[in-house]
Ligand code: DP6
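Next up is one chain by itself, shown in structure tokens, the form predicted alone.
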């Protein structure tokens, strides 16, 4: 019997990047990744019994259909469902709305189908919708290991460090509300097949992961920022080198980078990270967050600045839907 279920999952921002798949069917990543979980921005999902299937999903509905079909294949249940997924983070703008939405959906399905006590079941389901959704299931700083097992059994995420280990505010400069021109999935595959920079990016991933882990362990904001910024710039180099090229950055995106560099030169402890999209996230010590936010808001082309921080917890159940 289907139980009504309602969940919330936060978006996450990659510091060391997941880019490319080693198995497209199982949605297994070619690279390990390190991320920070957001506290306020993400997605809410609800599962309700229904007379016929109803899908109300922001973003690409194919992801939700894939997760729903996988859940039915795993359980054998065919009861009709109403599936609702709504985002509070900009959709398809490079801010991990697919990760938060699929994490929320997978967790909601786990309770609806009676698997809420099996975190591996939830993670497997979430990954099928969006690889990085497994990172949104957890709080703090999250490590997602790519693994090498063909069945994906060693591809798992864990909380590497809690949010309190290195408390950081986040200011996100949103540069457009328009969806990005190429989806992350399509961009990954184009890069894998055509970008001459892609192989080196994958090869250097273990070293980047080690540097990121050590920087976090030492609470070394400058070193962590160096890793995150290098990863961001290299990711966009890989994108631009693809054929045809993919340039997701806008003039305002580049202006944000310049402002962050100038503020850091003046002694403000901050760094930027950019995923596959035009918006730029800035990590900063809380005491300087307002100053950074004001500087970002003053940049022409920045349409708004979102305020958040690294979150203590990841995806969670809410009061059950009516």
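Just so it is clear, the structure is predicted and the values come from calculations on it, not from any experiment. Residue numbers count along the first chain shown, from 1.
The same protein has a further form, the form predicted together with the named molecule, not shown here; the description that follows concerns it.
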With a cut-off of 4.5 Å between heavy atoms, is residue 184 one of the residues that contacts the named molecule in the model of the complex? yes
Taking the named molecule as it sits in the model of the complex, is residue 33 near enough to touch it, meaning that at least one heavy atom pair lies within 4.5 angstroms? yes
Going by a heavy atom distance of 4.5 Å, is residue 253 a contact of the named molecule in the model of the complex? no
Proximity of residue 281 to the named molecule in the model of the complex, heavy atoms at 4.5 Å: no
One stretch from 202-210, 123-131, 219-227, 171-179 that, in the model of the complex, holds residues within 4.5 Å of the named molecule by heavy atom: 123-131
Going by the named molecule in the model of the complex, which residues of 43-71 come within 4.5 Å of it through any heavy atom? 63
